[in-house]
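Have a look below at one chain only, the form predicted alone, in structure tokens format.
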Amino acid sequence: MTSSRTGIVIVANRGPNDFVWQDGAWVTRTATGGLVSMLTPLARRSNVGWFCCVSEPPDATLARSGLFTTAADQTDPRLHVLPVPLPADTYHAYYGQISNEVLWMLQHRMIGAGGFEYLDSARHQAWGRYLEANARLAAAVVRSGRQPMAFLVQDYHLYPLPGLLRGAFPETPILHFTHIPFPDPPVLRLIPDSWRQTILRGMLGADVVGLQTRMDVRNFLSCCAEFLDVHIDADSGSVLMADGRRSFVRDYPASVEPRSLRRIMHTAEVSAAHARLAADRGEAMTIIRVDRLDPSKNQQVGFLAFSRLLEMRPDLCGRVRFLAFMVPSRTDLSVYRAYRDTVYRTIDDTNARFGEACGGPPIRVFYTNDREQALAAMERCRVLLVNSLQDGMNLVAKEWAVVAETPGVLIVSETAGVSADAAECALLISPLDVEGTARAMADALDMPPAEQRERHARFLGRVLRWSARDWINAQLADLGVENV
């Protein structure tokens, strides 16, 4: 590594700012989400640059139909952000039609009606735009003239990018991290071989392929063995290419930063959120969920299970409420809008069926992106439900472990990445099992306080032993960059 190289370059689809349409204009605000929260502390160092995609605005008459951003939206004096503008149609194809309607659905096993159904000519054309977006990012990095000590490339939007960067930066360490589950060979066979080759070979342009769990590592290595002419070294967990290059495959379970969370819990915003929630909590025990309104998060089954709980246990009517904090997500995509409508019909049916017996609607929905409000609800809930169909990790569960004032009980899908950390701490469920989820809710509500405290303390200890700081430091150490 030459002395002329300095700093780190992060490359991600998303920048550290979000935007909202407010009073007839786009207004920026700090982005939320696991990727941004884990990377922002590193990105605030003076020698770290963050490249991200931004969409050039479409015609003004279409501005309300989708979520678009501009380079100006990404300006933040505390961060070194380098936005890469993409034409609106290219961004929609790369981000919407491929990244979210194909790869996200495929890797979360949302296959069939309501998810990834087929690849038509429009999807094949969109794949070309996906490759174009990655090529534009690579060219922007080269044009910047930066010579970093290492690249940290993020997620499924940018699978081809490590391979593209490798050509321009043959000696620079590269790590690609995938934040969502990685599929096994039978699932990856559902896309064309040329797409599989591009994804796997692009990722193997990195010196280190980072994934969330050991299962993801096994799946990735199995796909390389199945679809590529490479040698898998099981002892070292690496892939040896025909040209002699080697990529190491590692699991880095995503986590949270406890100190930062605890600071947030003492802010005026959280205090105000507690005041707003007081009427909704009342004297009832609360079951809560906090997630994006996304088919992979499986809200529909969670609400069906709650309805079944009230049917099984009429004694709980009026004594328990379900507070659902659902963040609007990808509302420009029809599959998301259809799923939202289905979920709301189930909520309305449950509230109509049990409202009189419960003394009011037993389910209350907060359809907004208000992190402080969600954290306030987590601080004083009786049950946190995480029943995702698939999750790379699920940081909400780890946030709850840190902020919970009264321990409560975590219910989590066995198919969520966090289930490994939550083993023997949470009540584990099958995500499609309505009856089993309802029974887990009942068990959680009935659990003795001493057992709640013991389970919570065990889970919290695991979170504290591996924080977001450990997550990023382990990656930098494996790249040979321990200080930036």
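Don't overthink the numbering: it's just position in the shown sequence, from 1. Model, not experiment: these values are computed from the prediction.
Just so you know, the form predicted together with 6-O-phosphono-beta-D-fructofuranose exists too; it's not on screen, but the next bit is about it.
Looking at 93-101, 355-363, 111-119, 186-194, which lies within 4.5 angstroms of 6-O-phosphono-beta-D-fructofuranose in the predicted complex, counting heavy atoms? This holds for exactly one stretch, 93-101.
Interface membership of R462, 6-O-phosphono-beta-D-fructofuranose in the predicted complex, 4.5 Å heavy atom rule: Taking the distances in the predicted complex, the answer for R462 is no, it never comes within 4.5 Å of 6-O-phosphono-beta-D-fructofuranose.
is_contact(L35, 6-O-phosphono-beta-D-fructofuranose) in the predicted complex, heavy atom dist at most 4.5 Å: L35: contacts 6-O-phosphono-beta-D-fructofuranose in the predicted complex.
Partner proximity in the predicted complex: R292 to 6-O-phosphono-beta-D-fructofuranose, non-hydrogen atom cutoff 4.5 Å: Answer yes; at least one heavy atom of R292 falls within 4.5 Å of 6-O-phosphono-beta-D-fructofuranose in the predicted complex.
With a cut-off of 4.5 Å between heavy atoms, is C381 one of the residues that contacts 6-O-phosphono-beta-D-fructofuranose in the predicted complex? No.
I need to confirm a contact call. Of D207, D155, D216, E257, which residue comes within 4.5 Å of 6-O-phosphono-beta-D-fructofuranose in the predicted complex, counting heavy atoms only? Selected option: D155.
Partner-contacting position among R308, R321, R129, H179 - heavy atom within 4.5 Å of 6-O-phosphono-beta-D-fructofuranose in the predicted complex: Answer to the contact question: H179.
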